[in-house]
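Read the single chain below, which is given as structure tokens and is the form predicted on its own.
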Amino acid sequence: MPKPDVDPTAPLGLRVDRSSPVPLYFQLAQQLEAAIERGALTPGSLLGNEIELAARLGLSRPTVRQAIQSLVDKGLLVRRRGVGTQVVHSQVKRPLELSSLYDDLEAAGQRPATRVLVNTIVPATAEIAAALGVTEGHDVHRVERLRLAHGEPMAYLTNHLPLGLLDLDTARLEATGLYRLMRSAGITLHSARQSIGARGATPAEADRLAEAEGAPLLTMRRVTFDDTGRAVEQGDHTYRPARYSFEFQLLVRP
């Protein structure tokens, strides 16, 4: 395995506590994951040789290999033949609040980009009409976008919006997020009704998101309302779970 000129893990102060009941490999994996999350290990960084890392920490090579493999399984590291073990990107943890994926990616330093694949007007199905409060068959705007981070696909976003709500020019949609466009048009987003699920990727979804057919995908369906109670968008989104998760806080009911 080729070694980087400088081992990026050396200045991280990695330590394991042998008196802790937490397995040593898990302690190491947690510290490496934290370093990736805070940007101390940047995308593209090569980890040092497993043997040298094990010797420096006083660990066995299988323990270090298990820690690294756990992060490979999470999609944070990748083993590349002839290159070594490389940092991919940190997983985006999206809070369960009314925010846009574009804003969340940008806040996480993920360099979001968008490809608009569909931007058209269609008659509303019964389901879309009920969500947006329009008559079935009434024209609505349909937009399908592939959202990328660091050039890699993260999510596929399908949105329906009432006709005439705002200018949905393709160039503008590729330059920024949908919610930013709404805010710039004077629309005040107030609340949303949202459900989260999971299912296997269809052949088309697998191709869009660079996943295997049948691979698990996170799904999110949302209807968003403005401060007058008007439905302003309905979204059906699919996400790569290795690169994306939803995060929320639970409170104990008194």
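Just so we're on the same page, rigid core means the largest C-alpha set that superposes within 1.5 Å between forms. The first residue of the sequence shown is number 1, and the count goes up from there. Only a predicted model underlies this, so the values are computations on that prediction, with no experimental measurement involved.
Note that the form predicted in complex with the DNA isn't included here; everything after this is about it.
Partner contact region in the predicted bound form: 53 to 61, out of 53 to 61, 222 to 230, 188 to 196, 31 to 39, criterion any non-hydrogen atom within 4.5 Å of the DNA. Of the heavy atoms in P123, none are within 4.5 Å of the DNA in the predicted bound form. In the predicted bound form, at least one heavy atom of G84 sits within 4.5 Å of the DNA.
Although the partner is absent here, R15 sits far enough away that none of its heavy atoms falls within 4.5 Å of the DNA in the predicted bound form. Taking the partner from the other structure, the DNA in the predicted bound form has no heavy atom within 4.5 Å of any heavy atom of S70. Shown here without its partner, the chain carries R147, T158 and R208, none of which come within 4.5 Å of the DNA in the predicted bound form through any heavy atom. Residues are counted as partner-facing when one of their heavy atoms sits within 4.5 Å of the DNA in the predicted bound form; in 23 to 57 these are P23, L24, Y25, G48, N49, E50, I51, in sequence order. Once the cores line up, the CA of R79 ends up 2 angstroms or more apart between this form and the one not shown.
After superposition on the rigid core, the Cα of A231 moves by less than 2 Å between this form and the one not shown.
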